[in-house]
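To begin, one chain is listed below as structure tokens, in the form predicted alone.
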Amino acid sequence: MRATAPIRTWFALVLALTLAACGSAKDEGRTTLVIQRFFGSCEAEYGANTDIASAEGECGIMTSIINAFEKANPDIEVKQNVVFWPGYDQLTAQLAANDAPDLVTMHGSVIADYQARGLLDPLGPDLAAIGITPDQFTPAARRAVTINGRVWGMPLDSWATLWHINMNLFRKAGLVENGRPVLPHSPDALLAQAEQFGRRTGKPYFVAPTANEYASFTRNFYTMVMQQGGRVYTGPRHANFQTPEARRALELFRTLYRRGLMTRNMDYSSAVSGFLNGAGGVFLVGTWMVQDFDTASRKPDRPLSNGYAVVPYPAIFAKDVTFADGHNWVMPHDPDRTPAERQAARKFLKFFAAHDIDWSRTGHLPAFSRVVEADAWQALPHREDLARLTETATPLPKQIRRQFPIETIVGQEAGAAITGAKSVDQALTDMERRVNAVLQHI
């Protein structure tokens, strides 16, 4: 016999109340921790994975660590908001709406923008409460989170541009000695080696994303100026690009481009694909590609098969230094955050600190010195070659704000000079004027 409409409605109401009661019982006593992060979404592959050791890549390892944390802390529910990289526009909108997450991934170069406006809580006391002190961080990681002697975040890693090398092509070019790549240590040596590489392989020395990609230009430009002892900023609101050091840096890359020693018309994705397929000898890209390229080198019958090496930026000029940045967890200010939510955030940070070595499998440099010194980290592929970066990686001074939008301006002007769209002097003049316009309106 079919139930009448009133009876069906009554049953539906009872069922809804029962399910609601079950849900309340399940969630009773759980603290909700809201985190916001980038590094992509990979729910189909890693959405339920708690085996951190089996995960690969930034997204896979990040997702698996969070899953494992939630499994180990059943009293805490983690709500993730995965944002499109880097997510700062969304974060700013959330802060304006008084809807701040509890923890957010943030580049070290960006922390000062939010800290100066009182939008972040200092994390030093919270970290100390869980046994984490700044002396445990690597020098590069410590610089990333420290402003005026206070700690404003927990570093996840440090990253820098590396020289990813196709050793099979380097051997063909006669640029391998005792199994190691022969690296240039002067502008003249770089040009000579790049010419030799081109003659013997028929390919450009550098694989470079020169189309619609500005970050790469900026990072290489900063590194080259820093290696000459030049200062790209003389104060919080004063760019300093019309210098001999800046001119030499751009002219060197312009010469490489004009002589056909760099690939052309590649965006970022095609440059990654190009390097994997043997388009050139050296790909200047960050630490995040180490695991992917190493994995590719272990596959048979590929251009990188048994032929991948990666090293820090060689000292082309006088100083051994590389422009760097890093990823960090920061806590947006929220006056309504409860003690339980803050305690959940502390547990989350402690868990991530304990898994720093797992995160470093991405290729990023560890944030903690104990991990750099650990046999397990040094046994990972290529890490022995990369360890010195934890000392030489150098960010811009913390008082330089708006580093993300400035990165685009510097990259646009550097790219215009390198590809010949502007003279080097005109590009540096325009670069300095445009960046100063940003800095002087803060």
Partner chain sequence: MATAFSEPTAPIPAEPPKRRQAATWGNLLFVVPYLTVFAIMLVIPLGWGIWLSTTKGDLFGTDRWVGLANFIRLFRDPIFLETVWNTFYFVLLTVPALAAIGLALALVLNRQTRWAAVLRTIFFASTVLSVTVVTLVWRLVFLPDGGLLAVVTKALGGTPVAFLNDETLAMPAIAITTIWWCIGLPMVLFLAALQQVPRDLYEAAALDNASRWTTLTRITLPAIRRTFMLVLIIEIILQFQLFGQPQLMTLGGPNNATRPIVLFIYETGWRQWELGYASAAAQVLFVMILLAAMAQYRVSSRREET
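Positions refer to the first chain, counted from 1. None of the values given here were measured: they were computed from a predicted structure.
Quick note: we don't show the form predicted in complex with the partner chain, though the next part is all about it.
J.: Within 4.5 Å, heavy atoms only, one stretch in 169 to 177, 85 to 93, 185 to 193, 282 to 290 touches the partner chain in the predicted complex. Which?
T.: Correct option: 85 to 93.
J.: So in the predicted complex, is the partner chain close enough to Asp126 to count as touching (4.5 Å, heavy atoms)?
T.: No, Asp126 stays farther than 4.5 Å from the partner chain in the predicted complex.
J.: Taking heavy atoms and a 4.5 Å cut-off, does Pro405 contact the partner chain in the predicted complex?
T.: Contact check for Pro405: yes, within 4.5 Å of the partner chain in the predicted complex.
J.: Indicate whether the partner chain has at least one heavy atom within 4.5 Å of a heavy atom of Trp359 in the predicted complex.
T.: Residue-level check for Trp359: no, no contact with the partner chain.
J.: My question is simply whether Thr234 lines the interface with the partner chain in the predicted complex - judged by any non-hydrogen atom within 4.5 Å.
T.: Close contact is absent here: in the predicted complex, Thr234 is far from the partner chain, nothing within 4.5 Å, heavy atoms only.
J.: Given that the partner chain is left out here, which of Ala354, Ala315, Ile130, Ala211 has a heavy atom within 4.5 Å of it in the predicted complex?
T.: In short, Ala211.
J.: Using a 4.5 Å cut on heavy atoms, which of Asp267, Asp99, Glu251, Glu77 is close to the partner chain in the predicted complex?
T.: Contact residue from the list: Asp267.
J.: In the predicted complex, does every one of Val225, Trp377 and Leu386 come within 4.5 Å of the partner chain, counting any heavy atom?
T.: The answer is no: none of the three residues contacts the partner (heavy atom, 4.5 Å cut-off).
J.: Using a 4.5 Å cut-off on heavy atoms, what residues in 132 to 162 are near the partner chain in the predicted complex?
T.: Nothing in the stretch sits within 4.5 Å of the partner.
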